[in-house]
Ligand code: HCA
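Presented below, as structure tokens, is a lone chain in the form predicted on its own.
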């Protein structure tokens, strides 16, 4: 498992541009790329320069921005696309071609033999033009393609000896982790090349599939900030970090974790959405402990109900107490934070009072503090 040596290819500026409300300006792209670079992602993928004049100019802008991250662009398996991409000075080309029956019939109008011929022709051409460019070849809609066809394509490309990395793409989010594991492990075993996983989240498996790919030997995972992308998007950067963090914090030690909240907030504001409450790490509820039994335990030892330490991401936990589920231990903690010394009987009585009133409405923090201060003989 290369879980301690993987690379993140963040595609917020390519896949993320396909999100319904995304329309990043050049300044916004530069800001996002700067944040991702500071966070530590190894590669940043951008929209093909063939998409529009602005897309081409933006690639040139980021290539010249002096970032540590390598700048890649995602192109069709066409020589003209490759030439235009290489002219931008980009560090790497991500070449893709469809292999599933629906794409062969309705998108490409080719059979699998023609796909192989096209791939070999274009990849050879790219390597001749640019001996040092990072070159990845990926099938599109990998997991709705015939396995026999896939292996023919991948083995032919691997035997050509010009690509640095193979890509597998769960383009419509249908794969199971077991399927991802099987496909990636086969490619690692049969080709010895680096393998990249790109997984959509249509059925909620993007993070699990990304981890299955890494467990099978993949070296690269595509992410976007908040998981934005076509339809329901792809593996979210924060979600991948959360999953790997819970396996072993050393797996994410190379990244600047406290920067993640700012990255999520920045992109959310740019695309005009709120960060969902249940977003990994940065969602508003991620570190809120409400039930009395949870609050008691987490105040004594946070590891009882927190697998992720909020302070590692520059965040803090919250224990709200103005509700009917509150417990006296949480009330005690609040009293101590106010510098008060109340006995257990008093704290239990206040907890009962809170519960009684909260059956009608949630109490504010100020109302709780007033109760505590009055019980201590102080004015609120």
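Every value quoted in this text rests on a predicted model; they were computed, and no experiment measured them. Residue numbers count along the first chain shown, from 1.
The discussion below concerns the form predicted in complex with 3-hydroxy-3-carboxy-adipic acid (HCA), not included here.
S.K.: Please determine, with the chain shown alone, which of 206-214, 291-299, 192-200, 270-278 has non-hydrogen atoms within 4.5 Å of 3-hydroxy-3-carboxy-adipic acid (HCA) in the model of the complex.
M.R.: The contacting stretch is 192-200.
S.K.: Looking at the partner-bound form in the model of the complex, is residue 18 within 4.5 Å of 3-hydroxy-3-carboxy-adipic acid (HCA) by any heavy atom?
M.R.: Heavy-atom contact with 3-hydroxy-3-carboxy-adipic acid (HCA) at 4.5 Å: present for residue 18.
S.K.: Do residue 119 and 3-hydroxy-3-carboxy-adipic acid (HCA) come within 4.5 Å of each other in the model of the complex, heavy atoms counted?
M.R.: Output for residue 119 is no: heavy atoms all beyond 4.5 Å of 3-hydroxy-3-carboxy-adipic acid (HCA).
S.K.: My question is simply whether residue 74 lines the interface with 3-hydroxy-3-carboxy-adipic acid (HCA) in the model of the complex - judged by any non-hydrogen atom within 4.5 Å.
M.R.: So residue 74 counts as contacting 3-hydroxy-3-carboxy-adipic acid (HCA).
S.K.: Given that 3-hydroxy-3-carboxy-adipic acid (HCA) is not shown alongside this chain, does residue 184 nevertheless sit within 4.5 Å of it in the model of the complex, heavy atom to heavy atom?
M.R.: No, residue 184 is distant from the partner.
S.K.: Among 96, 286, 240, 104, which has any heavy atom within 4.5 Å of 3-hydroxy-3-carboxy-adipic acid (HCA) in the model of the complex?
M.R.: Answer to the contact question: 96.
S.K.: Which residue, 257, 150, 126, 169, has a heavy atom that falls within 4.5 Å of 3-hydroxy-3-carboxy-adipic acid (HCA) in the model of the complex?
M.R.: Answer to the contact question: 169.
S.K.: Need the contact residues for 118-138: heavy atom within 4.5 Å of 3-hydroxy-3-carboxy-adipic acid (HCA) in the model of the complex, sequence order, or none if there are none.
M.R.: Counting only heavy atoms within 4.5 Å of 3-hydroxy-3-carboxy-adipic acid (HCA) in the model of the complex, the contacting residues of 118-138 are 136, 138.
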